[in-house]
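Okay, so here's just one chain, in structure tokens, the form predicted on its own.
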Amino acid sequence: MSYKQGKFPIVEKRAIAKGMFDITICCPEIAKITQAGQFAQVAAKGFFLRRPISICQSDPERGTIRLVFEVRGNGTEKISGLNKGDCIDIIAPLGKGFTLKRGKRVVCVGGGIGNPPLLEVARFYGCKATMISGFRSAEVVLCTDDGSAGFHGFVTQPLEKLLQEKKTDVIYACGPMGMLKNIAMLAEKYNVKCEVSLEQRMACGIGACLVCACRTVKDSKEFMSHVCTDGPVFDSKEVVFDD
């Protein structure tokens, strides 16, 4: 696993929703080696542990990466206080990303803050990708739990309809475990390859602390994997989803 650590300047910052921020960082060495689905460990001043944030987009030509994140605690709130011109301390790119192959017809399914990591996947496949995005409230299919915009319901409903109507080679998904479990069940039902990106609490992000353990299965044997190094992207058939 190749990654870099350093302090890099923030060149853009946007507040895109309440408690959600989009920052662009100038870090050419990181941008040129980042793959879709990888993440960064971000230092928050005054906090010992770094915060894992998915890399939304990398632009090797500009030498930049984008991090889109939601404030979920004091650490991410501290990070959200950084502005254009400030330097941010990151370790990146970390983890195993999505497997991308040209010519496939794919569906990207994101739930909430699980949408940004799928941007690079959708850009890679272009017109051969359909994006299904789910949010709590208010070719793209928008779903909201409360019906305030788009389709009223869960992402699995339009996904199943799509699988019934169109040949799909791969499903890429990122979001809450309950959503990923249901998507994995649909992938198995319709015999479609599926890769899921797991959200998990982490400490080091490089496999040293073993905090981010998850249950996986291979060759009918169950064992513990670690989201930071073995993932965050897994074949959905390998993940043991807790009931």
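Bear in mind the structure is a predicted one, so any value in this text is a computation, not a measurement. The first residue of the shown sequence is 1; numbering continues from there.
The form predicted together with a small molecule exists for this protein as well; it is not shown, and the discussion that follows is about that form.
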Is there a heavy atom of residue 217 no more than 4.5 Å from a heavy atom of the small molecule in the model of the complex? no
Give a yes or no for residue 35: in the model of the complex, does one of its heavy atoms lie within 4.5 Å of a heavy atom belonging to the small molecule? no
Any of the heavy atoms of residue 75 lying within 4.5 Å of the small molecule in the model of the complex? yes
Touches the small molecule in the model of the complex: residue 49 (any heavy atom, 4.5 Å): yes
Heavy atom within 4.5 Å of the small molecule in the model of the complex, from candidates 186, 27, 180, 53, belongs to 53
Would you mind picking the one in 194, 31, 198, 43 that has a heavy atom within 4.5 Å of the small molecule in the model of the complex? 198
Could you tell me if all three of 39, 68 and 232 have a heavy atom no more than 4.5 Å from the small molecule in the model of the complex? yes
Name the stretch, out of 75-83, 163-171, 99-107, 121-129, where some heavy atom lies within 4.5 Å of the small molecule in the model of the complex. 75-83
